[in-house]
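Have a look below at one chain only, the form predicted on its own, in structure tokens format.
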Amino acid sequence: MTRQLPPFGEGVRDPNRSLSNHACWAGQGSVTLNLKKPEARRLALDLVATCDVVIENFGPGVMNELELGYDALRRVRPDLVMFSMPAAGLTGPMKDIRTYGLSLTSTTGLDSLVGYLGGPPIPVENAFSDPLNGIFGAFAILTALHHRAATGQGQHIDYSQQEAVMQLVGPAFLDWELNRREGGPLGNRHPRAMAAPHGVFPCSGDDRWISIACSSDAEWKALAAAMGSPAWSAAAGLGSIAGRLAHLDAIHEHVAAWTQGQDVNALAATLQAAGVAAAPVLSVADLLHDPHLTARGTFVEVTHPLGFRETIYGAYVKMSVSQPAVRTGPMIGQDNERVFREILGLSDERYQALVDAQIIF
């Protein structure tokens, strides 16, 4: 699906030019097999025999329909680790449900906690369930590989994306279990009422905001001083967290009136110097030009095989010895020759015959 998302390199609409795809799938490879054909499935099994891990992201039963289920795969690689990551697991009444990153935040209860105070839930628009499950899944695979190193046994991992994302509602779950308090949308208020003020406030410019959080009375005094100690900030009760929470809406209105019209970066620097937790709300353009992220190589410019330059994520895990080679997301089938001719050792004639028959395509 991401191959169909704009923008496209040099403005040419083509599945190999989707910049979103190149960022999402950076560093991965691509082979193309028509798995509806028996010969293609045999090639897949030959490839699996050379692998430590197989990852599949279909609904339950699809791999078995393709004759590539766990039992079939471990016949060619007995110690294989296979990772299956359906929406709700391989068993149970919901096993056949289909979800995407966005709907997973609904089925896990996470959306019920997001929104403005007293208002309806607002679904989490960023599909962070996708990278979250990738990271959790990687740990599951490493655990299985550790077990194999100790025992020689492979295994099939039944990974429910729903159950993994559900961990994010843990505090709200415990609050219900222990206190019978049901969580709901809080807007930008602190989830445990431990900071006031606590929110984002407008600054000068188009859609520019600053986040400010005062989690102690000392931070509140520093903020009041930075604002010029206005008379309203000295009102009775505002010196304590309980008093500020009782008048939070009014405080937020006063703070917003003060921040409006100020430069977000200058204001953040002033408040940070005063000991107040504050930061500008960065846009995507801000991220690409942020001095700190630039110094760390968070984003890198690479050349796509089709010749155009593009900016993608760099390595966000920095290691002292090994340095990953960051490459753009793959063109469709770009690794066919390397995998089938070099790894599987197909002759030139055999490889070309499979291409002509559209088994490899």
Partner chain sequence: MSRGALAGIRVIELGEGVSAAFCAKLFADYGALVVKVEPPGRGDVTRTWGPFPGDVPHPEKSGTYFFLNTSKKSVALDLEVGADLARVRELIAGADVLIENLPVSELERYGLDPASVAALNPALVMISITPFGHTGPYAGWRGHDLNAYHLSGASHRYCGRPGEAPLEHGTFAADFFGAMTAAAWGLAAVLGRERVGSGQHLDVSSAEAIAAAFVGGQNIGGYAQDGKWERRTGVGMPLGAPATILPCADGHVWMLALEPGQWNGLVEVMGDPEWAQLDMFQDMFQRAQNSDVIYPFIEEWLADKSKFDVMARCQAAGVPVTAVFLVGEAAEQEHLKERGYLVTLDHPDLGRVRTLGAPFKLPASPGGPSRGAPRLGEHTAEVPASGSEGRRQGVPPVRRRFRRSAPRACRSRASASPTSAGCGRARWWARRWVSSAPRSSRSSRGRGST
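Computed from a prediction, not measured in an experiment: that's the story for all the values here. Take the two forms, superpose them, and find the largest set of C-alpha atoms that agree within 1.5 Å; that set is the rigid core. Positions refer to the first chain, counted from 1.
If you look for the form predicted together with its partner chain, you will not find it shown, but the lines that follow are about it.
Quick check for you: of 200-208, 71-79, 254-262, 236-244, which stretch puts a non-hydrogen atom within 4.5 Å of its partner chain in the model of the complex? Contact criterion met by 200-208 only.
Tell me, out of Met85, Leu248, Ala224, Val276, which residue has a non-hydrogen atom within 4.5 angstroms of its partner chain in the model of the complex. By the 4.5 Å heavy-atom cutoff, the listed residue in contact is Val276.
Going by a heavy atom distance of 4.5 Å, is Asp175 a contact of its partner chain in the model of the complex? Asp175: yes, in contact with its partner chain in the model of the complex.
At 4.5 Å between heavy atoms, is Val302 in contact with its partner chain in the model of the complex? Val302: no, not in contact with its partner chain in the model of the complex.
Partner contact for Glu163 in the model of the complex: its partner chain, 4.5 angstroms, heavy atom: Yes.
Quick one: does Ser20 come within 4.5 Å of its partner chain in the model of the complex, counting heavy atoms only? Ser20: contacts its partner chain in the model of the complex.
Sequence order please: the residues of 185-214 with a heavy atom within 4.5 Å of its partner chain in the model of the complex. Residues within 4.5 Å: Gly187, Asn188, His190, Pro191, Arg192, Met194, His198, Gly199, Val200, Asp206, Asp207, Trp209, Ser211, Ile212, Ala213.
Is the shift of Lys318 between the shown form and the other one large enough to count as movement, that is, does its C-alpha move by 2 Å or more after the core is superposed? Comparing forms between the shown form and the other one, the Lys318 CA shifts at least 2 Å.
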